[in-house]
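In the form predicted alone, a lone chain appears below as structure tokens.
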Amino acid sequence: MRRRSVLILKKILGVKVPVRQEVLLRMPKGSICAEIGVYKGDFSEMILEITKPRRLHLIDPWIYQSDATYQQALYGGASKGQAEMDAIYDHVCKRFKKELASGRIVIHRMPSDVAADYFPNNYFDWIYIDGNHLYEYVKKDLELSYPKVKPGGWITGDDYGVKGWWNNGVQRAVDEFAQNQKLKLEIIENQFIVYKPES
């Protein structure tokens, strides 16, 4: 039985579903979507299995950050440098070789603010943000993602309310964005969903 079917059955039976998978169950099947912040592609694989997207854009620069701010980051002090980032990128390309060949997955190895220019407005059904968690970067991802999502679409993401080395940057940016834009915001444990109005 495929993962989506198992998760739906668990929900029907009242069994707790892992929170990130709970969010994916809410996303439409056959959609056009993006994941900002891919790392090794574990969540990308969940997106494929659960939402069955028509096209999934994976956006990540896979760049090592040497600044002291990133001492605890997976792409900073917690890694072995740029060589490891390049190896992780190669791993993702191999992991999704079939989907890349079919065009179901498209990889954009670049910062998310640069990648945003490659997409027209109202292109995505939903975008999942899990890139740089510092406030200014989350704020920029939200601002740049919003016009790219179709009316009635979603911007969702990880680590809401998690303090981390990023000093709660995700929650601060999400709360501010939703309030300023007067958007519906739903929190499911450490996941957020921002709803873009139909019109």
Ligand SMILES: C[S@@+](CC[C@H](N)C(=O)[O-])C[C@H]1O[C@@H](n2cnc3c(N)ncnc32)[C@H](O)[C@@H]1O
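Everything numeric in this text was worked out from a predicted model, so none of it was measured. We number the residues from 1 along the sequence you see.
A second form of this protein, the form predicted in complex with the named molecule, is not displayed here; the remarks below concern that form.
Only one of 24 to 32, 167 to 175, 142 to 150, 129 to 137 lies within 4.5 Å of the named molecule in the predicted complex by heavy atoms, and it is 129 to 137. The closest non-hydrogen atom of L100 lies beyond 4.5 Å of the named molecule in the predicted complex.
For C93, no non-hydrogen atom is located within 4.5 Å of the named molecule in the predicted complex, even though that partner is not displayed. In the predicted complex, the named molecule lies farther than 4.5 Å from every heavy atom of V106. Within 4.5 Å of any heavy atom of the named molecule in the predicted complex lies no heavy atom of I155. Along 33 to 51, a non-hydrogen atom within 4.5 Å of the named molecule in the predicted complex is carried by E35, I36, G37, V38, Y39, D42, F43, in order along the sequence.
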